[in-house]
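A lone chain, given as structure tokens: the form predicted alone.
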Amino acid sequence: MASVLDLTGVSVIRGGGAILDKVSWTVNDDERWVILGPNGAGKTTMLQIAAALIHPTSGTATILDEAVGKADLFELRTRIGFASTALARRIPAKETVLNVVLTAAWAVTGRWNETYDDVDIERAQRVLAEWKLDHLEKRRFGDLSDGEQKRVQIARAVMTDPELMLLDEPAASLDLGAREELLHILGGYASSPTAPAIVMVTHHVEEIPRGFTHALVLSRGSIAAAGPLAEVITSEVLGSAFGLDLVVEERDGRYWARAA
């Protein structure tokens, strides 16, 4: 077991206010984490630091044994799989699904002058098949449904065989069927012993896939609770974080929450 992400006393200050306040957190290579918390709690900012997209204002962030601020970030980012709505907006709508996944090998979002070996193309096609997207290979990204775009983003994140995978609300805006299909595939991936460490941000406990092992709850930029799922995804912990009496239930590896 080795650490893939280590935050020590990390703060992020914007406009004189603390988005994150002295956060310390470690993710090991055999762990699958979900981050929850109210709007404005700092969830996406945590993920941006983990993706080496922003620097902390203070404290240290070590990702895959590389210290942010001292490492070659372009090289580091090729070792991280990242899927988010913000990233999806940078993908050209006319790009084919195959190219959306393939360009992850160069950590770019649109085909330009890069060259790809046959092994890269075969790898992209294999990943598309694993995520049940091979029939969309020649479709334009901008013509896909929300659910299809979400799965293509995750396939892109998987393309480089990352050592750390980061997912920012992968099930947001999906209808029930698309959500459950995505969570089923993602749960199978997370349950594999060969999968990388995963950190996923979500707003809803219903979106925690099977196979995830740990949870971190943020509240006002600080960690309210962190640890194994069963210890953190509880009525007491989430009720306190969201300021509401909640009933949280688990059944067959999935969670539900409702107002008490």
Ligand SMILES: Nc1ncnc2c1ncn2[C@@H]1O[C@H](COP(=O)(O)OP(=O)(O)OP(=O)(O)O)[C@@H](O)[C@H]1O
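Note that this is a predicted model, so its numbers are computed, not measured. Residue indices: 1-based, along the sequence shown.
Below, we refer to the form predicted in complex with this ligand, which is not included among the displayed structures.
Colleague: Spell out, yes or no, whether the shortest heavy atom distance between residue 32 and this ligand in the predicted complex is within 4.5 Å.
Modeller: Close contact is absent here: in the predicted complex, residue 32 is far from this ligand, nothing within 4.5 Å, heavy atoms only.
Colleague: Applying a 4.5 Å heavy atom distance criterion, does residue 181 contact this ligand in the predicted complex?
Modeller: No.
Colleague: Would residue 38 show up as a contact with this ligand in the predicted complex if we use heavy atoms at 4.5 Å?
Modeller: Residue-level check for residue 38: yes, a contact with this ligand.
Colleague: Contact with this ligand in the predicted complex for residue 44, defined as at least one heavy atom pair within 4.5 Å: yes or no?
Modeller: Residue-level check for residue 44: yes, a contact with this ligand.
Colleague: Any idea which of 230-238, 190-198, 64-72, 44-52 reaches within 4.5 Å of this ligand in the predicted complex, heavy atoms considered?
Modeller: Only one stretch qualifies here: 44-52.
Colleague: I need to confirm a contact call. Of 120, 169, 134, 95, which residue comes within 4.5 Å of this ligand in the predicted complex, counting heavy atoms only?
Modeller: Partner contact (heavy atom, 4.5 Å) among the options: 169.
Colleague: For the heavy atom contacts within 4.5 Å of this ligand in the predicted complex, list the residues of 192-220 involved, in sequence order.
Modeller: Read in sequence order, the lone residue that approaches this ligand (within 4.5 Å, in the predicted complex) is 203.
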